[in-house]
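Take a look at this single chain, the form predicted on its own, given in structure tokens.
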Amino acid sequence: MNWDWNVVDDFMPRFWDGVLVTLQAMAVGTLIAFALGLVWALAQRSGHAWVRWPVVAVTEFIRNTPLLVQLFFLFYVVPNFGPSMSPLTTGIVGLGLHYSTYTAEVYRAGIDGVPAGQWEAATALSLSRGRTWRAVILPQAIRRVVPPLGNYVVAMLKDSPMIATIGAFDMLGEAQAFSNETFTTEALTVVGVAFIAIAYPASLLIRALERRLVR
């Protein structure tokens, strides 16, 4: 089959719309995953069982169920009991919530990796528990986990096409719709190249950041 540049030209406006949706989903979903993951990680270390065990149960449930099922649940079931959200908002919340359970484990590992002597030093300085976390533990833990957190950004990019199943057309969703309308494959090829063009530099940036942080 010959490559038709006219088809590509016709697809480009929809492609850029899809790029915008993809980047929005990845960027805002990442912020939710990073912030909520830290909340999960801290709650799992709570001294109160009534806080710790429900959080553990919720995060395990989310981590062990498919993202696609969670998106369908948020979009089709949750509105029956509360306010409905747009397809894009639902997709962003679904991605952020799903990946927050993975970032929580990354934060947990980073916190566990802080030497016990740091806790003892904070106690010797009579620092409050809150200040110990803010000034001593979290800065060291977060520095350790930046590279693995970055890997989840790339993973979220690769999972973002799932939001098209609830009507939020990202790059792949737009390409699929265009291909079905025109019976062509150029749009799918363009999107495949676009994913590589975004994901590969991002992975190189994460590796560079990792090398910088371990010095």
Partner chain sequence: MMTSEFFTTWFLPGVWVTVQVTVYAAVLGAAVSFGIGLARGSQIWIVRFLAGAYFEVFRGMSALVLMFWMFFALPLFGWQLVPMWAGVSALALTYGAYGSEIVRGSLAAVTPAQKEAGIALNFTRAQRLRLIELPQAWPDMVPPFNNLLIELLKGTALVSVITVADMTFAGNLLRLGTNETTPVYTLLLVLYFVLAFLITRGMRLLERRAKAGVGQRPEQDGGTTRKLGARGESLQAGSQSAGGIG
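Residue numbers count along the first chain shown, from 1. Note that the structure is predicted; figures quoted are calculated from it, not measured.
Just so you know, the form predicted in complex with the partner chain exists too; it's not on screen, but the next bit is about it.
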(request) Only one of L149, L36, L188, A43 comes within 4.5 Å of the partner chain in the predicted complex by heavy atoms, so just point that one out. (result) L188
(message) Each of S100, T132 and R211 having a non-hydrogen atom within 4.5 Å of the partner chain in the predicted complex: is that the case here?
(response) no
(request) Would you mind picking out the stretch of 72-80, 88-96, 141-149, 105-113 that comes within 4.5 angstroms of the partner chain in the predicted complex, counting non-hydrogen atoms? (result) 72-80
(request) Check whether F15 has any heavy atom within 4.5 Å of a heavy atom of the partner chain in the predicted complex, and answer yes or no. (result) no
(request) Answer yes if any heavy atom of E60 is within 4.5 Å of a heavy atom of the partner chain in the predicted complex; otherwise answer no. (result) yes
(request) Verify the contact flag for K158: yes if a non-hydrogen atom of it lies within 4.5 Å of a non-hydrogen atom of the partner chain in the predicted complex, no if not. (result) yes
(request) Give a yes or no for M26: in the predicted complex, does one of its heavy atoms lie within 4.5 Å of a heavy atom belonging to the partner chain? (result) no
(message) With the partner left out here, which residues of 154-179 have a non-hydrogen atom within 4.5 Å of the partner chain in the predicted complex?
(response) K158, P161, M162, T165, L172, Q176
